[in-house]
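In structure tokens, the next block holds one chain alone, the form predicted on its own.
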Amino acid sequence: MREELNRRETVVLEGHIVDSLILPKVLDLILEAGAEYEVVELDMGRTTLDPSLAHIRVFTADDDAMEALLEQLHVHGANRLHDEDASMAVADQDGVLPVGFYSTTNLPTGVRIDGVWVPVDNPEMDCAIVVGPDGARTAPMHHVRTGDKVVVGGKGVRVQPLPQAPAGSAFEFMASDVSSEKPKALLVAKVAEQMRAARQTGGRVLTVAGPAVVHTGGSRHLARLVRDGWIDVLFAGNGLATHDVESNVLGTSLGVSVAHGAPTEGGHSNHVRVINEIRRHGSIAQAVDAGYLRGGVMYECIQRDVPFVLAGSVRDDGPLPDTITDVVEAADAMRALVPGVTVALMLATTLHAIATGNMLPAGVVTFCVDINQAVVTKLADRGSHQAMGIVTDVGPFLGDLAEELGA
């Protein structure tokens, strides 16, 4: 052990840390940080169903390096062996966290208060932990108020990695981050299986969809899934809703005929014209009531009372009156609909998928579908380690999924 590495800490890893490759990942992170380790104890499970336990002594140059490294290891469930109560500081400004606040992961988290480990409600990444009379909860920065007690530092905080599920389950299936070569029929069947399980157990299915769903002809299949009760929540942007309305009112998507695949005369302005008419009616729901909109994804959401959030961006035309143009307000509207979601489908969207992934607890079974492999890896790269990518054209995928579910 190098002499200059004179700060030491012992961390503990437990669970299915070998077959899930968590242990080698943790050891790699230690070395990449310029630190060293010593495996003090390793108790291997005898079967794939048995958990394992590892005690690892970590050596760094100083306290700052140790705290930075332990923060990285926390994401993978490595916790201090000998811990103490969490430190807290009081927020002195609305929307401003104390210096050194603990930044959360989306894994199940506990905080030690007066010697007792208290679960943290609503696991969400990149938030703070606020402790109050009723326990501990995650809080986005802008939700913090003057006087809130906020956890600072990593002491007294522990996270729990996702359990390694039995072979054939959703999480075993999701062990490969991106699937471009597995038979598509198998992938579709697995997604349908999880959606059925959600329905049977009272879970909710969230769909996050981009405008390519319309451009590729998948919107009619998504509308069928909504109509037949397979979709419980929809997140999208101004584009998905606009082109869904355009395709159902004018028969085009970005001015291209959805029936013939050819540009139409003056079609480049069709999406702006339908936005204008929806604005004239006052909302998508009022346009449905007036008979202007008679089909499509948004129509079915209105008819079935499926809640949706349209989060806007600076590039939006119009926008539609239902589009929330304040991004903080839009994020809070999305956050309010996340509880109860057990399955999430990210369909041909990058930014909205990442935004949603940031809000989802790690236990939500998440599928990201896109024709571009780089897109489907971004979600996991941004911290949503539970996401499985399916590289395929979203239009045919939705058609196959609707058929598999009997929609």
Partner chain sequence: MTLAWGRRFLMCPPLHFEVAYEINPWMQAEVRVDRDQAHEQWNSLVATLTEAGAEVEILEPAPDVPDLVFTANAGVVSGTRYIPSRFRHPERRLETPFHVAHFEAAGYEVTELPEGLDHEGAGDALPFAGTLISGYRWRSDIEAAAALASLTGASTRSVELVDQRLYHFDLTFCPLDDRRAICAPLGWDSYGQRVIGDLVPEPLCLENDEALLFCANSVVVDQTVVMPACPPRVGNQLEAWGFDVVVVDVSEFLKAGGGPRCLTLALDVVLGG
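Since the model is a prediction, treat every value here as computed from it, not as a measurement. Residue numbers count along the first chain shown, from 1. For clarity, a rigid core is taken as the largest C-alpha set superposing within 1.5 Å between two forms.
Just so you know, the form predicted in complex with the partner chain exists too; it's not on screen, but the next bit is about it.
Within 4.5 angstroms, counting heavy atoms, which one of the listed stretches 55-63, 358-366, 334-342, 23-31 is next to the partner chain in the predicted bound form? One stretch meets the cut-off, namely 23-31.
Please state whether every one of the three residues Leu49, His76 and Asn79 places a non-hydrogen atom within 4.5 angstroms of the partner chain in the predicted bound form. Yes, all three are in contact.
At 4.5 Å between heavy atoms, is Gly15 in contact with the partner chain in the predicted bound form? Yes, Gly15 is a contact residue.
Is Asp393 close to the partner chain in the predicted bound form, meaning a heavy atom pair under 4.5 Å apart or at it? Contact check for Asp393: no, nothing within 4.5 Å of the partner chain in the predicted bound form.
Core-aligned CA displacement of Thr392 at least 2 Å between the shown form and the other one: Stays below the 2 Å threshold, so no.
Shift of Leu27 between the shown form and the other one at or above 2 Å (CA, core fit): For Leu27, whose C-alpha is compared between the shown form and the other one after core superposition, the shift is 2 Å or more.
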